[in-house]
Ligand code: OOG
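Below you will find one chain, with nothing else, as structure tokens; this is the form predicted alone, and questions on how it binds or moves follow later.
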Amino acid sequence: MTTPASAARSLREARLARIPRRPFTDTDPALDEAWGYRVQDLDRAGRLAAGERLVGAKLGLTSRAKQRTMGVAQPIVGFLTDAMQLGTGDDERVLGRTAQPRVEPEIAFRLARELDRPLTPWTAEQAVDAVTVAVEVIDSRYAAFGFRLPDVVADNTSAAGFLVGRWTHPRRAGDLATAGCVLSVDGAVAHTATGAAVLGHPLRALVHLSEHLVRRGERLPAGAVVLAGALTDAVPVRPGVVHRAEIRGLGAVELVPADR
């Protein structure tokens, strides 16, 4: 069986070389989700040792359709570091460090307090001091995004970058479950959805994250960013093109070419 340490090294090499590899489960079908998180832990430790700073967490497989496709009954969790934070004009940075980048619209939460205990749907909102629209850049280390559950968990749920909009108080955002979302590429609508695409309500992503952290004896500090999960399918990042996510009540955010 592929050891977590060797898998973490292989994924790091694939990321730095920008050359996708075969999924580990192609040769080791017995690998499981727990193995994937052991690999992810080693990846995170390596990044932090290299000077990156943990700034939050992200969820994947938050739509029921994607869960059915993967044969799982719950989302998966990855981590975010400051090296993944993007700004206006950073599309060239994205293209220069990824192999097959895609973007997807998300709802982002900022924690009001340390997340160190299980939340309920009723207490999740109290754990948030701000909410906004975000664009996440994903980039799988596996060719054509072909993987099974242990592979994508090991690959930190394909995390590559994120760009957040202007933070607003949750009470000013309205009902996040019914908020309409539009993902557009150079002004052309690519996908639409509502906040309910994330587990029926985006705050349920926080509930799942809190349970995940408690099981693993981990916590997130106040001020950490949490990406609740993709609202729509992802679209490939194209050079020189504006990728825009807009959510009613939260505004819009754009991944814009440097020369725009």
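Note that residue numbering follows the sequence shown and begins at 1. Nothing here was measured: the structure is a model prediction, and the numbers come from that model.
Same protein, other form: the form predicted together with this ligand, not shown, and the subject of what follows.
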For this session: Give a yes or no on whether every one of D43, F79 and P150 sits within 4.5 angstroms of this ligand in the predicted complex by heavy atom.
Result: no
For this session: Quick one: find which of 135-143, 182-190, 110-118, 168-176 has residues within 4.5 Å of this ligand in the predicted complex by heavy atom distance.
Result: 135-143
For this session: Give a yes/no on whether G229 approaches this ligand to within 4.5 Å in the predicted complex, heavy atoms considered.
Result: yes
Exercise. Any of the heavy atoms of K66 lying within 4.5 Å of this ligand in the predicted complex?
Worked result: yes
Exercise. Quick one: is L59 in contact with this ligand in the predicted complex, heavy atoms, 4.5 Å cut-off?
Worked result: yes
Problem set entry | Partner contacts in the predicted complex for 103-133 (non-hydrogen atom within 4.5 angstroms of this ligand) | E104, E106
